[in-house]
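Below you will find one chain, with nothing else, as structure tokens; this is the form predicted on its own, and questions on how it binds or moves follow later.
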């Protein structure tokens, strides 16, 4: 899976928890929670959506890797290359 496909999956998961979000305005290196005003339940639902879409186990200790769009893509690339 390439970076663009992963980005699409992440954006789709974000839209699922924050339907008012405009993916075109998201900046790669700014915290997603700040950009989208996500609370802890929204963030957890975002992680769950990615888990369901990719079938990857995402440990709570890995949540910080989803802080920004860029870091989430890099983390998922690494995780998928190992599986």
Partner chain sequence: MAEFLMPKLGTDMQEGILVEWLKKPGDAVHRGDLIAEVETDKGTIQVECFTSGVLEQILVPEGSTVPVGTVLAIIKEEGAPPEAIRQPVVAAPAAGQTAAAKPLEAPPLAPTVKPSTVGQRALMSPAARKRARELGVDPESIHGTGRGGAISLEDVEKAAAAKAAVSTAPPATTTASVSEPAARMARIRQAIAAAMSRSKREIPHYYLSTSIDMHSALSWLAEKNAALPVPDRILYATLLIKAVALALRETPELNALWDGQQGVIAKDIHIGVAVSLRQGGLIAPAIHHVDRLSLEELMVKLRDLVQRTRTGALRASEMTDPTFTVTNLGEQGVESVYGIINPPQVAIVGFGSIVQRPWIVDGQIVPRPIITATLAADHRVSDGHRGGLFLRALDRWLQEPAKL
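Numbering follows the first chain given and starts at 1. Computed from a predicted structure; not experimentally measured.
What comes next is about the form predicted in complex with the partner chain, which does not appear here.
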{"item": "Partner proximity in the predicted bound form: residue 26 to the partner chain, non-hydrogen atom cutoff 4.5 Å", "value": "no"}
{"item": "Heavy atom of residue 20 within 4.5 Å of the partner chain in the predicted bound form", "value": "yes"}
{"item": "Heavy atom of residue 53 within 4.5 Å of the partner chain in the predicted bound form", "value": "no"}
{"item": "Heavy atom contacts to the partner chain in the predicted bound form at 4.5 Å, residues of 62-76 in sequence order", "value": "63"}
